[in-house]
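Shown next as structure tokens: one chain only, the form predicted on its own.
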């Protein structure tokens, strides 16, 4: 990701240098080759710079660090470290069931920019509220729509541990109902503890070992 971030900076620096050169030496553009040079420097390279920067920031926005960079999301980040395997995000994060660097995006693939037009508008609304509105308390933040089992099944569907787990066969049609989204994976009889940030203050936290220990 760091290398990806360097590319737009490099492009921008090149555009600035070439633009300054053309401004200081306008006679360079008199000849045909100079016109081509100016077109590449002032038109093609800026477009490439914007494209590279956009791609770098899109990739960055899928990182856990980016998702938790807003103060209001701190408690959600802390919930990944709750020392209780019944807490779904914590169990996935601590056991590397999801990549820790992209933990949020792995389970929320339809969020804001990555979702439909409604999700994109909600993302814009979040930015507006962040700077001009009243930021809600973490415990008051709720999903706009019920969590889609698709986000669970794109990893678990077909896996033996999921298909053969006894709790997933409480009723004969349980797996098929989950697959069709008729039965939420996060109901009171299944995985009811998700982030649960309202009670995060009294929770015991898991402390990962430092590298090399």
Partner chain sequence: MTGPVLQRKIRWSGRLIVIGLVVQMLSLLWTHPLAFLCFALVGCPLVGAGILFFLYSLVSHEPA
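Because the structure is a prediction, the values reported are computed rather than measured. Numbering follows the first chain given and starts at 1. For clarity, a rigid core is taken as the largest C-alpha set superposing within 1.5 Å between two forms.
Below, we turn to the form predicted in complex with its partner chain, even though it does not appear here.
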Point to revise | Contact residue in the predicted complex, chosen from 190, 203, 22, 194 - any heavy atom within 4.5 Å of its partner chain | key: 22
Study note, to complete from the structure: In this chain shown alone, the residue from 26, 172, 167, 33 with a heavy atom within 4.5 Å of its partner chain in the predicted complex is 26
Review point. Which of 181-189, 141-149, 61-69, 155-163 has heavy atoms within 4.5 Å of its partner chain in the predicted complex?
Key: 61-69
Review point. Taking heavy atoms and a 4.5 Å cut-off, does residue 16 contact its partner chain in the predicted complex?
Key: yes
Practice item. Give a yes/no on whether residue 9 approaches its partner chain to within 4.5 Å in the predicted complex, heavy atoms considered. Key: yes
Exercise for review: Pull the contact list for 35-60: residues with a heavy atom within 4.5 Å of its partner chain in the predicted complex, in sequence order.
Suggested key: 35, 38, 39, 42, 43, 46, 47, 49, 50, 53, 54, 56, 57, 58, 60
**Study point:** C-alpha of residue 71 moved at least 2 Å between the shown form and the other one on rigid core
**Key:** no
Point to revise | Core fit, then residue 143 C-alpha moves 2 Å or more between the shown form and the other one | key: no
Review point. 2 Å or more on the CA of residue 122 between the shown form and the other one, with the rigid core superposed, yes or no?
Key: yes
